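So this first bit is one chain, no partners, the form predicted alone, shown in structure tokens.
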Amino acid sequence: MSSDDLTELSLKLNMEEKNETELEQIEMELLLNGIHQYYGYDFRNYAVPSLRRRIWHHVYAEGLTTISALQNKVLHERDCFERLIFSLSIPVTEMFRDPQAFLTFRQKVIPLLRTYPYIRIWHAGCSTGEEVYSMAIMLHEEGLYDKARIYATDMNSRSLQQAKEGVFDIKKMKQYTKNYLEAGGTRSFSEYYTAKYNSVIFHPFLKKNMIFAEHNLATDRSFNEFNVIFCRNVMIYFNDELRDHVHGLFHESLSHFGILVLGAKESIHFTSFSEAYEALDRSEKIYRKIK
């Protein structure tokens, strides 16, 4: 094959690859616009690489071959839509996840909360609720739970239902116990749950001051004023526009001197609200609203 033939073949392959990429982008936009218009869920400003991987994974999981075929099924079959939402909303969490963050919260934020007559805490994007129960346990041990309300929200109804039930896999308790102790736990972790078969159920007193509700950070508005907002490892999946929108929502929802807790790979910097906070602990991404 001559060099001219190789050049022509290379150009042809590049053009086909470009066409496939453009077609994929169009299909993704149509899918996301359809979901937004028909169901009211907005994924259009999620980070593209992660979103693309999850969409294709779900295409294959549904036994399909194209994103367009997935769009058709999602818009005509509610069950398919709910399976897709469960996949896209990334329900990944654990109790006392990143124990140092919880230890730092216990050391630096709990003393501030002691001065409040009433405490409202919002766990935004709570997934299946592990961090919500972690917070309840910490507040209980610090003698603050009776004057606290924990609002746990997520866009994923299946995850919320599991969070409400407070039932978790017993195989995870070894790791959760380790996390609890590293996070400054003061009791035996097993005091907080009852084991039954292959699961554990957390004791009802931990749920008495919890309120669970569906809330979409991309489309829903502020619904209360809070002293603390926990939103950890959620916004890493958002693009800059959606991330800034959510920070605006949190700023509106926090009381003066309210506390914002982000995930290890997240930051208030490079957002429109960076000057509105001071760092209580920069390494653990704990900030206090000052403006």
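Start at 1 with the first residue shown and count on from there. The model shown is predicted, which means the values in this text are computed figures rather than measured ones.
Form predicted in complex with a small molecule: not shown, discussed below.
Item checked: Interface segment, criterion being heavy atoms within 4.5 Å of the small molecule in the predicted bound form, picked from 30 to 38, 60 to 68, 47 to 55, 230 to 238 -> After filtering at 4.5 Å, what remains is 230 to 238.
Next item on the list: Answer with yes or no whether N216 is in contact with the small molecule in the predicted bound form, where contact means some heavy atom within 4.5 Å.
Entry: Looking in the predicted bound form, residue contacts with the small molecule include N216, since a heavy atom lies within 4.5 Å.
Checklist line | Residue contact check: S127 to the small molecule in the predicted bound form, 4.5 Å heavy atom | finding: So S127 counts as contacting the small molecule.
Item checked: Partner contact for M155 in the predicted bound form: the small molecule, 4.5 angstroms, heavy atom -> Heavy-atom contact with the small molecule at 4.5 Å: present for M155.
Check: Heavy atom to heavy atom, is A195 within 4.5 Å of the small molecule in the predicted bound form?
Finding: Looking in the predicted bound form, residue contacts with the small molecule do not include A195, since no heavy atom lies within 4.5 Å.
Notebook entry, point to check: Which listed residue (E94, E142, E165, E82) meets the criterion of a heavy atom within 4.5 Å of the small molecule in the predicted bound form?
Noted result: Of the candidates E94, E142, E165, E82, E94 is the one lying within 4.5 Å of the small molecule in the predicted bound form.
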